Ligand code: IPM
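Take a look at this one chain, the form predicted alone, written out in structure tokens.
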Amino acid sequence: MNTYKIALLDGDGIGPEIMAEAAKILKLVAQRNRVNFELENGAFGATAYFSHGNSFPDETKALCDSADAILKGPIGLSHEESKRIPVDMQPERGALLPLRRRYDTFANFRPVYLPKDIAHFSPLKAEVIGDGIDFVIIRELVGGLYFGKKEIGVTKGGKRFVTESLEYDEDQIARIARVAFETAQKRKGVLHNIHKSNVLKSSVLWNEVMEEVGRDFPEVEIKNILVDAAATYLCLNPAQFDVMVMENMFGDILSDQGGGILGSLGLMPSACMGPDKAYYEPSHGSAPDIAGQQIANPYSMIGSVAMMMEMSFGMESEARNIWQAMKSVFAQGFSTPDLSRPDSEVKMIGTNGFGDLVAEELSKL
């Protein structure tokens, strides 16, 4: 029997609530298969700062170092609450970016998936959605503007200024390009390369390297598209996309737009892959305004578990079962208040109720 250690980083806001449902599914998967999951919780984010004086405490680093995979909840507080934390220790700067840097999780996978039978969640018209939405955004995660040199100061004229550098080298671009081409090769053989080469020289280099790597994948068709045009087409014709690849900031923005066309970031799990370790997380925020009310849907958190099963542990069939179980719960008309209108015909349940139903459906498969 294989044994895997999984670090559970609850995070902030609704994080502990939805993490509890993910742990429920992990325990059920272990019972259904010849596998043992050692689940250990670690403090991370704003909650960790208030309890440990650090958003990414040394104890949590040690836990993550020893884990086979990391499951991370959403982090962050309201704007006002965040002011209680020093700028460089606020969750995104003090925890999230250091986590990515520590494990070099350069490849971010965000599936944008909405089957036709739950297409009512989307704000898009039925004729735009067609048979459903199914594409994946691959985002370079440890380079670009977010990790470049930063300087703040005052000019000789007394004006405050800030300088931030967008930095990539060809090796950074080549490795995310290879991941994207390999993914496209396994799907429909079409890769949309998202760039802004009409303005940014970083995109010129990006495109050059993308073309060079593409020579090793002659069966994959490359379609180059400007990032602003891609944002438009995501709303007008999302079915044209299958695999999209882009640099860090473009990926941050367009993947959130992907959540928008689904109807909620609550429907977007993600995987952040490095050479030796990966962490998995929902794409949405910590929603502190609804924390503790049991109204947040754990779909993205449980979906992140499904991605972990496939991408870290090679349990592809069980990953498919988890997706099918969640789809079945929605198909029966159940949902949580955060994804549903009060006047809709949805059978309203709580966070733990949704997790219980997913576990029940998974047990049948």
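Note that the coordinates shown come from a computational prediction; the quantities given were computed from them, not determined experimentally. Each residue number is its position in the shown sequence, starting from 1.
What comes next is about the form predicted together with this ligand, which does not appear here.
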Of Lys196, Arg100, Lys277, Arg175, the one that lies within 4.5 Å of this ligand in the predicted complex (heavy atoms): Arg100
Contact assignment for this ligand in the predicted complex, among Glu221, Glu92, Glu211, Glu81, heavy atom within 4.5 Å: Glu92
4.5 Å heavy atom contact, Ala184 and this ligand in the predicted complex: no
Non-hydrogen atom contact Glu281 with this ligand in the predicted complex at 4.5 angstroms: yes
Proximity of Asp252 to this ligand in the predicted complex, heavy atoms at 4.5 Å: yes
4.5 Å heavy atom contact, Leu96 to this ligand in the predicted complex: yes
Option from 186 to 194, 139 to 147, 202 to 210, 230 to 238 whose residues, in the predicted complex, bring a heavy atom within 4.5 Å of this ligand: 139 to 147
